[in-house]
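Coming up is one lone chain in structure tokens, specifically the form predicted alone.
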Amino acid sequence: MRLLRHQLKWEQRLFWRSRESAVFVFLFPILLFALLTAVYNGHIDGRPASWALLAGMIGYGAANTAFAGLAITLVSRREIGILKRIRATPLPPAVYLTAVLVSIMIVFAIQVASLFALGRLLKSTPWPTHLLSLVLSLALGAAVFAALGLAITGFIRSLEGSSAVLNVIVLPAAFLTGSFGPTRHYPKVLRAIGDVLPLKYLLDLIKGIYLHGQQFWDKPLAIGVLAGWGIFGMAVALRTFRWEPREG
């Protein structure tokens, strides 16, 4: 436990000292929310547009932080040899990975709190009423995307291409699933693609709880699909995760 606490403090220092990480992972969803609420008016999903966009940005934040942010961190450390050196130290690899994951979750929690505060400040959006259900939904979503983030690292061959690869995955997924606005006018084929993505089901949970007063357990289909994606991500990660750079 002492080693975990020490490494967790170090991970937090590394994250907040990195301007690139702070902008891409932490600030980008917040900036997007401010821009989108300046454009959208009217109602989405039966609620003021700012409420629905806040829910969408929280879902997008989970994917951007727990999936893309985690994957970029691990790929960069693998390619410059940090992960390889970690295995040669007294720090157990499991403790190291746990510290990285918990650090990412802390960043996501701060990001969610910042989005709610910004929404309240800019658009008078309400605070969540079913806090426990929302926390459970966000914890499940972040865990699923973290598992998928671990899985994708085995398929990214270089540090230089990691950001491009992950943006090509996350940004279209956010558009297709409704993070940035309603999808009802999209072509059927695009809506069909969005309907199989994990972000779609995380957004269903968040919107159900925040916009419509539902509870976490009122969405068993969304919970089951997310759990399935999480199990899939962990299974792939166990087979493909590497501690050393790819030779050649």
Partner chain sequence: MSAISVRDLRKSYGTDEALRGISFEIEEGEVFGLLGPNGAGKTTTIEILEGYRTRDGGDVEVLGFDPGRAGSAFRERIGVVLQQSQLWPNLTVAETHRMFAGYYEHPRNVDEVIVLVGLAEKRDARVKTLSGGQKRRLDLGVALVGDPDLVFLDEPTTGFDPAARRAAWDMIRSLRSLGKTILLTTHYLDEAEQLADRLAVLREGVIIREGTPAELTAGSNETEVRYRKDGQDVVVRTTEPTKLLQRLTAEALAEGRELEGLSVRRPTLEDVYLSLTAEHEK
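Because the structure is a prediction, the values reported are computed rather than measured. Numbering follows the first chain given and starts at 1.
Only in words, not in the display: the form predicted in complex with the partner chain, which the text now covers.
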So, in the predicted bound form, is L121 in contact with the partner chain at a 4.5 angstroms heavy atom limit?
-> no
Taking the shortest heavy atom distance, is V102 within 4.5 Å of the partner chain in the predicted bound form?
-> no
Is there a heavy atom of H6 no more than 4.5 Å from a heavy atom of the partner chain in the predicted bound form?
-> yes
Give a yes or no for L132: in the predicted bound form, does one of its heavy atoms lie within 4.5 Å of a heavy atom belonging to the partner chain?
-> no
Indicate whether the candidate residues R77, I82 and P90 are all in contact with the partner chain in the predicted bound form, with contact defined as any heavy atom within 4.5 Å.
-> yes
Partner-free chain; cross-checking the partner chain in the predicted bound form, the single residue of A227, L14, A22, V236 with a heavy atom within 4.5 Å is L14
Of L140, V112, I86, L150, the only residue with a heavy atom within 4.5 Å of the partner chain in the predicted bound form is I86
With a 4.5 Å heavy atom cut-off to the partner chain in the predicted bound form, the contacting stretch among 132-140, 104-112, 162-170, 90-98 is 90-98
